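Next up is one chain by itself, shown in structure tokens, the form predicted on its own.
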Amino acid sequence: MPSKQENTEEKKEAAQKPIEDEDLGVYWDLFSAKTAIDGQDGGVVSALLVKGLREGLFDSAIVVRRVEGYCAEAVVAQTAEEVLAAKGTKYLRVDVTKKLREIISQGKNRIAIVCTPCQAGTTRKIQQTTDCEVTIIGLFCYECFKHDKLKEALQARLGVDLDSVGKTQVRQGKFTAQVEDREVSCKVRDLHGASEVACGFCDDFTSRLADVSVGSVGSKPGYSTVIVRSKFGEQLVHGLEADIAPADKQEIAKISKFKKQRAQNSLLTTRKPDLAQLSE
């Protein structure tokens, strides 16, 4: 019979092993958090970047900042002030990996990057070909939008100009936009025609290749769901000043399943090339 000490050691070892989940991917910890930063949901992404810069875990962070109406661009933040200037989610596809290659060529080698699941995969490939330390904070993402198409859709459905809106939010299947002192909203599925075509073939909702994944699904309003996926992710999250609460794993798994099924359906319904024509 194993001793009490042996049982304790076995439990400690088991607690240190990552969980392999079919819907959420591999992770070490899952919880909901709200920080003092007044950002998107619980302000967790901004808080992690500020913490990482101050503790020297990385010296640069690639973030997306809003410019000229509702347009957005990838920028490099090296201070807390620059991080906070870019807080808030922009539901547009912005190529942050191009900016990553750019600053690597300039000699930066300890970099954090905030990105969607598809770009997390590209980031890992870039990382494999360099000596850089890249920390990925991955965002939950069901789909992102094309600026011009989203602008047309919101004008037609809600009678508002996208470039004049303030904060936007996608939650529980609803797209909400703040216009001056009022909010307008519609169902996300009504904006399907404005989304990127490639999103229909992506089966990753929770950014499985990130060090830390963050999103609103699975948390109550005002909080962010946090999925810690690596040892470095644990180091980044450790000591984060935040109000911590349980996250609803089943709610996250539900959306993950939906996205995976949509990707499978997209592949099945896409017309296959005529092999005879390809051989001509």
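Just count from 1 along the sequence shown to find any residue number. All values derive from a computational prediction rather than experimental measurement.
The protein also exists as the form predicted in complex with a small molecule; that form is not presented, and the subsequent description refers to it.
Asks: Looking at the small molecule in the predicted complex, do all three of 39, 64 and 116 come within 4.5 Å of it through at least one heavy atom?
Replies: Answer is yes for this spot.
Asks: So, residue 151 and the small molecule: in the predicted complex, are they within 4.5 Å at any heavy atom pair?
Replies: Answer no; every heavy atom of residue 151 is more than 4.5 Å from the small molecule in the predicted complex.
Asks: Is residue 97 a contact residue for the small molecule in the predicted complex, using a 4.5 Å heavy atom cut-off?
Replies: So residue 97 does not count as contacting the small molecule.
Asks: According to a 4.5 angstroms non-hydrogen atom cut-off, is residue 141 in contact with the small molecule in the predicted complex?
Replies: Heavy-atom contact with the small molecule at 4.5 Å: present for residue 141.
Asks: May I ask you to check whether residue 121 falls inside a 4.5 Å heavy atom distance of the small molecule in the predicted complex?
Replies: It does not: once the small molecule is placed as it appears in the predicted complex, residue 121 has no heavy atom within 4.5 Å of it.
Asks: Here the chain is shown alone; which of 165, 92, 194, 111 has a heavy atom within 4.5 Å of the small molecule in the predicted complex?
Replies: None of the other options qualify; the answer is 92.
Asks: If contact means a heavy atom within 4.5 Å, which one of 227-235, 56-64, 23-31, 242-250 is the stretch that engages the small molecule in the predicted complex?
Replies: Going by heavy atoms within 4.5 Å, the stretch is 56-64.
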